[in-house]
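Below you'll find only one chain, the form predicted alone, shown as structure tokens.
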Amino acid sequence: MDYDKLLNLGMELGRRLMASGAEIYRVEESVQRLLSAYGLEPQVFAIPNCLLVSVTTPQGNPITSMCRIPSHGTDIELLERCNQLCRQLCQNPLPVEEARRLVGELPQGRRFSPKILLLGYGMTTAFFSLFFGGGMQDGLCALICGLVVGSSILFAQRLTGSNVFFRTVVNAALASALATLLVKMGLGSNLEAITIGTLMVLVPGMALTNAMREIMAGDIFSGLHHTAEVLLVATAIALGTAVPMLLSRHL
């Protein structure tokens, strides 16, 4: 058996899981179960931006592989497909080459067109604006704000950079400034509902949920990492929202 290929199989599945936003315990347990199904006794260690897997061959030779995980979001569909494939391979271990092919066929990257994603941003912000007490005109303004902020999230990363804090400040400021402008133009009346509805697409709700789940599961480092990220993003939203509002009052 080619243990290097088997180790790479576990690493690739673990990487796909982490890229989909899976919890740390899920990544470690999935890789552990997968390699155990092929007769190995692996040691798996994962933190939010790194995955480390080590196995010992029957001859006593240790093999270790490490993979750095770049910044990523949450992809529930990819997470479910990774889980399903892991269960399938654990119940019925296929030849390593066949298993690697199946892992390689897992989808990666954006699977929805920009038009669909922008529609989602717009409809989400419009709904939340209505939910927080806005009228139909406010919902329409929030939809416009959602389309603009969604366009910034999807297409302006080269300008805003990969820094989550700075990118969130820019998008929050854009949402606040545009909402203020639309109200000043008379297209909307409830500035708070429009602004809050738009900002909801920036709120890191999934990261906060995962942080609490990981802390309760004993993954303290990962939980604190995600908690710190949530606090930074919340601070960035507050700063980005406050600046246009303060400027509009002075002007």
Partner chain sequence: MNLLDYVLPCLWAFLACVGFGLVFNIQGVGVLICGLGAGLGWLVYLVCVNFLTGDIFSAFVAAMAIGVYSEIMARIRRCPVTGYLQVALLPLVPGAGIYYTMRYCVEGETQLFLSTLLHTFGFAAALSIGAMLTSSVLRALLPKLRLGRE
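The shown structure was predicted, so the numbers you read here are calculated from the model rather than taken from an experiment. Numbering follows the first chain given and starts at 1.
The next section is about a form of this same protein that is not shown, the form predicted together with the partner chain.
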| property | result |
| --- | --- |
| One stretch from 139-147, 163-171, 80-88, 95-103 that, in the predicted bound form, holds residues within 4.5 Å of the partner chain by heavy atom | 80-88 |
| Position in contact with the partner chain when the complex is considered in the predicted bound form, options Ala37, Val201, Ile69, Leu52, heavy atoms within 4.5 Å | Val201 |
| Selected contact from Pro62, Gly186, Pro58, Gly205, since only one has a non-hydrogen atom within 4.5 angstroms of the partner chain in the predicted bound form | Gly205 |
| Contact of Phe155 with the partner chain in the predicted bound form (heavy atom, 4.5 Å) | no |
| Interface membership of Arg213, the partner chain in the predicted bound form, 4.5 Å heavy atom rule | yes |
| The partner chain contact in the predicted bound form: Arg26, any heavy atom under 4.5 Å | yes |
| Arg33, heavy atom within 4.5 angstroms of the partner chain in the predicted bound form | yes |
